[in-house]
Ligand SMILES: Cc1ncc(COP(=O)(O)O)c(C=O)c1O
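In structure tokens, one chain follows: the form predicted on its own.
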């Protein structure tokens, strides 16, 4: 029956939505997944069994209660050591928080970010019909262009500024002095320091100093996610900042946005120090493997410094050929060559298990012989 329906989408749906592509998540069944910055380790068996028992008594027939939400906030506060002077908002991943922030600012506002950086900053602006401005990172080392950012702030007066710390897909943390300069220069903007990869930075963070920062600069917020520490499937992000700002952000937070299974999962996993230690240990293994992989990948191209759980490499030869050959071998990596002109011939490779990393290196050596990379 559907083929007989004459549906004129242009009369119903925004043209810019019709013209834009959907965000693609490709199937990875049976593949070694080194393309999405996930923690490659599953939970140990004892944690799996304990979590299963804990979830078995969750009341799926009920909406999440305000008390459940507050309990989750308290758990995140204790887990991340967030000061009591700061308020916290939870999101269905940091993606939802980014969408909330776009809904918070006035119509026709500007959102400012660096480029290349996390694609959802621009996507949220486009969907909310806001103006998006990006300033290119320096082409040689992907450092922040401080003067370019200052000029954009002065010209566009953005209501929202994103600073990823460390940055995706380049991997490294920007200079703290440069970020501090931007904070001083933009008192009329909400500045979001996105610390999605903080677990791999050797304690580089703005969260611990945020209570002092907001005494002079109350417009600064720090955002994180649980996705990179082994809990991507829970879809939980959080943002901390001045209580008055979080209070306003809560007004655009959908009701019941954190489901009961996610709430119960973090209650089990993040309220028990032994479980937290397991996740922290996995993060440390990833950091150790990152050092090893950076040295070994140097044979195949220029490897950029990383404070995250992935490495960016500019291949000696065609990154498209390398990516396709790896895919044929059952290994997924992210080709970011078309993301930005300064990422020409670049692959972003997540750190996997020892076995996965060795498999990647094994196939890169084979591909090197085939295509002379």
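Only a predicted model underlies this, so the values are computations on that prediction, with no experimental measurement involved. Positions refer to the first chain, counted from 1.
Beyond what is shown, the protein has a form predicted together with the named molecule; the following relates to that form.
Of the residues given (110, 118, 217, 268), 118 alone sits with a heavy atom within 4.5 Å of the named molecule in the predicted complex. The single contact residue among 225, 198, 72, 124, judged by any heavy atom lying within 4.5 Å of the named molecule in the predicted complex, is 225. Proximity of residue 301 to the named molecule in the predicted complex falls outside the 4.5 Å heavy atom cutoff.
Within 4.5 Å of some heavy atom of the named molecule in the predicted complex lies at least one heavy atom of residue 168. Taking non-hydrogen atoms only, residue 95 approaches the named molecule to within 4.5 angstroms in the predicted complex. The closest non-hydrogen atom of residue 37 lies within 4.5 Å of the named molecule in the predicted complex. The stretch in contact with the named molecule in the predicted complex, judged by heavy atoms within 4.5 Å, is 226-234, chosen from 205-213, 275-283, 142-150, 226-234.
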